[in-house]
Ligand code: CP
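A single chain comes next, written as structure tokens; it is the form predicted alone.
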């Protein structure tokens, strides 16, 4: 599961990117996550795969869903989870990322979950450490565990991963800065789904293999999945000022546009949601908005990932 090609003498691999996985890998992770989901729904709360393990989060960016999801997953699997507080650590005194990571390994943690505002940092940490490293989001690069959770949600909604073949998925909004869009579109392509990027020119990556639309009205009636993205103001350059009223007029999924969608189409959002920008208040509460299911299934997906790295599951 290591997307980095550097050699490494470690018993267990890392979880760094969707691009480093195969379709078979993803099917295995989703199947295992679905199994955890079913057992949880039957009332099971104690899983033993990580009983002798401890996981630590090394987050240089704020997070609610991802960090708590990894924590919940670790504890459900019987492991211990520690939150490394950057603000109150020696990082504030100038300690380097490398030294911080090495300290965490020396403290005896079984794995490190890394989130960073720069691309490639989890991959670099994985080269430094012998213990498994999990990518919880790196800059505008990838967010692979989110993609696995979304596949679990879509398999649940449509009956199977095979049902995704031939579907059209519109990623709407700030695609260029979205690591979620990158990971999820890569994952969906393995199952035969086609992506469409919808947004203003400055928010669309320079790609030639994906259909581009400059107005949501062009595609909203034809897509099977509308994946709405938050405008990441924190990643925009100083010169990239957002005309909010123009953006809402062209790209917001409002009630009127939602009514034009296919009857069986679904709406997704990775969170946090800016109600009134990418979606209106009506759509944010719509039954077809899968965001709560995405959060729930994100826990089972991360249970699957952690189990494959540290537990008894074999052969991803």
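The model shown is predicted, which means the values in this text are computed figures rather than measured ones. Positions refer to the first chain, counted from 1.
FYI, the form predicted together with ligand CP isn't displayed, but the following is about it.
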Looking at 57-65, 245-253, 25-33, 259-267, which lies within 4.5 angstroms of ligand CP in the predicted complex, counting heavy atoms?
-> 57-65
Out of 146, 178, 123, 185, which one falls within 4.5 Å of ligand CP in the predicted complex, going by heavy atoms?
-> 146
Is residue 141 close enough to ligand CP in the predicted complex to count, meaning some heavy atom within 4.5 Å?
-> no
Do residue 116 and ligand CP share at least one heavy atom pair within 4.5 Å in the predicted complex?
-> no
Does anything in 248-272 come within 4.5 Å of ligand CP in the predicted complex by heavy atoms, and if so which residues, in order?
-> 270, 271, 272
